[in-house]
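Read the single chain below, which is given as structure tokens and is the form predicted on its own.
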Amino acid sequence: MPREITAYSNPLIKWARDLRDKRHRKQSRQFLAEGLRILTEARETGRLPTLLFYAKPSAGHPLVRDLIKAVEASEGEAIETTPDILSKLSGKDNPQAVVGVFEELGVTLDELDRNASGIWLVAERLRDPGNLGTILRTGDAVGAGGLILVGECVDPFSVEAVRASMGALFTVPIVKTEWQPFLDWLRQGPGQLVGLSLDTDSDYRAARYAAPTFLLTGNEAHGMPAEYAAACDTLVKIPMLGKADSLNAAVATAVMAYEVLAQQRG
């Protein structure tokens, strides 16, 4: 049976709240995810939280009941608490019905099967959690094999990035690596590296994308370093017909991903 915690001073509540801090996440290798939709999608992929916090008013919802049963069956723990404590855990004034503590996800380059998909997303020094979450959603939408984060990217397991991913965090494999290990791995097998760049005249619709295609998006403010661009098999540009000189990184990635998908589907 679920236990009840109603005091914010409870050590378990304080510990879970600290998962909003990157250092604590790194030490524990666990992270927070909130919302019935995200936790239900996680359950559908076989991922269940080790701890499930829910407010009593939501306990009657059938999806919440299903989550409680699934968590307890997997030897996790369901904890009934108050909306106020859920708000403290999530950092939002209008908390979601449920908050879960998950074991950190992630795979290594060597665990990837590059032939599992024709599209792979690569982000270099991505700094905005909203962009990261949106790119994960794009990856899910186009059936990308995974998202490879190169260099000092924003933490994909921050509350903000998890929230922005809308559950795609649980469906798109994530690799965190550095540039040279990624490039060495890429050149060990098939794979076309396509960079999104302003320093080219090649229109993104004119290029041909052979599977597997790895789409490289650079840092939001500075783009990709010159040596990264030089390592790409091709550089492409999305034409800008207005006054703006570039698209948002996540939007540009989505435009490119759907062009690759359209070509590969014939």
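The first residue of the shown sequence is 1; numbering continues from there. Remember, predicted model here, so these are calculated numbers, not experimental data.
There is another form of this protein, the form predicted together with another copy of the chain, and it is not shown here; the text below is about that form.
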- Which of these stretches, 227-235, 209-217, 33-41, 51-59, has heavy atoms within 4.5 Å of another copy of the chain in the model of the complex? 33-41
- Message: At 4.5 Å by heavy atoms, is each residue in R20, T108 and G189 next to another copy of the chain in the model of the complex?
- Response: no
- Report whether the minimum heavy atom distance between S246 and another copy of the chain in the model of the complex is within 4.5 Å. yes
- Answer for Y258 alone: is it within 4.5 Å of another copy of the chain in the model of the complex, judged on heavy atom distances? yes
- Message: Even though the partner isn't displayed, in the model of the complex is T45 close enough to another copy of the chain, meaning a heavy atom within 4.5 Å?
- Response: yes
- Item | Touches another copy of the chain in the model of the complex: V251 (any heavy atom, 4.5 Å) | yes
- Query: Within 215-241, which residues come within 4.5 Å of another copy of the chain in the model of the complex, counting heavy atoms only?
  - Reply: I238, P239, M240, L241
